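Consider the single chain below, provided in structure tokens and representing the form predicted on its own.
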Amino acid sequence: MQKIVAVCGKGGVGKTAVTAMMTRELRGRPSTGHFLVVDADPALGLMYALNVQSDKTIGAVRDKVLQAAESGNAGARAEVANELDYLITSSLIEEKDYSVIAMGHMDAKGCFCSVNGLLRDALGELVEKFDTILIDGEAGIEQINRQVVDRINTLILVTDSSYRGVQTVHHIEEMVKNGAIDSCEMVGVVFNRIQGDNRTLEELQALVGLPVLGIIPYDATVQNFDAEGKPLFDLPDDTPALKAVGKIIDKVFA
């Protein structure tokens, strides 16, 4: 069964670092299969965390389609429509043991339902080729649901123990309950950057009311790598945060 995992959370809680560490732990596992990582945050933070270099994004493809649509030239529109699958595929970056695609900026004003529909269909054909898809999303799930894939079956909500972080978790939970992602089978919370032993699993569980998939401790090594712009793939194997992420993956992909 195809596993499509979206990682969401309030800005600043470290969800991109968590996604990068998940990517490192998932790649190369026999159970992962053909592996796609999607950077769905316009800031492209995951690309930097993975040390992936590319200026090709789905946003750039969308801009090209929009330019053709607005030109009034039927020939230009037909040409871009015929090239769309190629343009999407050429945005795919092949790394060792996994592929990456970046959504990029999609902030043009106006109603572009037909263009978004074309992109969604083309992306849908692309993701069918992968066994495991890991999506680094924005704070909510609106962009993921609209522009990446509507078949997310696992939602991981990353938060710290702050009030605002927990409230974001509750907001996304309500959206899921109201049918924002019809195919979602698992929703769980990961607490990140938890310091010391003063918060028990039971206490954190009570804050969110959802299954807690794991607790990632505050890790100075991860923070230093992030601050210095070092790729998180280069973290030492015995990094506590990385070990915690490995246990979370074991639970999610059991």
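Given the structure is predicted, the values throughout are model-derived calculations rather than measurements. Note that residue numbering begins at 1 and tracks the sequence as displayed.
As for the form predicted in complex with a small molecule, it is not shown, yet the points below apply to it.
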Checklist entry - Asp226: heavy atom within 4.5 Å of the small molecule in the predicted complex? => result yes
Checklist entry - Though only this chain appears here, would Arg62 touch the small molecule in the predicted complex if you measure heavy atom gaps against 4.5 Å? => result no
Checklist entry - Are any of the heavy atoms in Val222 no more than 4.5 Å from a heavy atom of the small molecule in the predicted complex? => result yes
Item to check | 4.5 Å heavy atom contact, Gly33 and the small molecule in the predicted complex | outcome: no
Next on the checklist: Partner absent here, but in the predicted complex, which of 24-32, 54-62, 182-190, 213-221 has residues with a heavy atom within 4.5 Å of the small molecule?
Outcome noted: 213-221
